[in-house]
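A single chain comes next, written as structure tokens; it is the form predicted alone.
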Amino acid sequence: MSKIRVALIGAGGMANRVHYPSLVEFGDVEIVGLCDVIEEKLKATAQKFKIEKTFTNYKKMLEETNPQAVYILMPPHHLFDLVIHCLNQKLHVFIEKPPGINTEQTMQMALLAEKNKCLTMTGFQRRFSPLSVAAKKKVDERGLVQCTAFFVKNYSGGPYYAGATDILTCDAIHAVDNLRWMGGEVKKVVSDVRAIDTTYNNVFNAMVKFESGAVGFLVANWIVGKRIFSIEMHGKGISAFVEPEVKSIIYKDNKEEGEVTLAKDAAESAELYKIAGFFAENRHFIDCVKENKQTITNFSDAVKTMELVDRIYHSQM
């Protein structure tokens, strides 16, 4: 079996919890190098995943290891220069969300990737949650008419990365992207954005009309009782209520009893990185590199999600 040579940039928490555990399970992946500027984290991650070659300079790593694809798992305001360098080396690139701090950065990355024929992926892993994927398939068979992406938290910290980015772009973008995934191309947006007891926006509500005629709702609020992420999809004679990391309930044709599926059963695992979609999204990226086809959350598609973020800010009632 031919193996895809993958280099890794970033030895932080998300990388260790969800991405690298996925990659080491793939028999068709060879991790050729790991880079991080914090040597303690670099050493611990290399030992954990048995990565032989480590670097504190990513350019040196790329030169010496000759990868086909690179994972760049960095904070959003540290991302752009590294992505541009890798794309200029004509390497395939995986990044976490958000794909930069604004739409312009994402667009420039997408244009360069297209010019250099690079395959790219943004880690909107909630599209790949086994529970959500199964529910969406059932609703789509009957025709979606309405959907909701609900993401709330109890957050009392300061601005994200000291103000380098904002909550909607950096974090609640998960729900924004799920709206697009459920509803398709966006036609019109009406929104309400607020800063409650803070100096930065922390409450985001929007109604989105899709080209299909379906309507979507965004509810994102960082001042509530606890963290919950859920989606709803309603079609003709069907309603799906999904908490991707917990369970789904699907009701059909006015029947009293719903079809309940647990997240661990849909994922065939109790591991969070498989339940939450990280394993599946990483599998998708590697498969696309092997088959030389673009991913479904490529940089050009991510531009559309960033544009919807912009429209939510600029379409307030």
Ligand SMILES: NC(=O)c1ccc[n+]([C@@H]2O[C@H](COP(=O)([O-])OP(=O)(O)OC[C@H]3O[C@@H](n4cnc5c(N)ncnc54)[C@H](O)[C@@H]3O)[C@@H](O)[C@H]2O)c1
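Position 1 is the first residue in the sequence shown; the rest follow in order. It should be emphasised that the depicted structure is a prediction, and the values quoted were computed from it without experimental measurement.
Heads up, the form predicted in complex with this ligand isn't pictured, but that's what we're talking about next.
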Checklist entry - Would residue 70 count as a contact of this ligand in the predicted bound form, using a 4.5 angstroms cut-off between non-hydrogen atoms? => result no
Checklist entry - Even though this ligand is not shown here, does residue 263 get within 4.5 Å of it in the predicted bound form, heavy atoms only? => result no
Next on the checklist: Can you tell me whether residue 161 touches this ligand? I mean in the predicted bound form, with a 4.5 angstroms heavy atom cut-off.
Outcome noted: yes
Checklist entry - Within a 4.5 Å heavy atom cut-off, is residue 278 in contact with this ligand in the predicted bound form? => result yes
Checklist entry - Though this ligand is not shown, can you say which of 136, 174, 127, 234 has a heavy atom within 4.5 Å of it in the predicted bound form? => result 174
Item to check | The single option of 270, 44, 249, 38 touching this ligand in the predicted bound form, heavy atom within 4.5 Å | outcome: 38
Checklist entry - Of 137-145, 201-209, 105-113, 92-100, which is the one stretch near this ligand in the predicted bound form, taking non-hydrogen atoms within 4.5 angstroms as near? => result 92-100
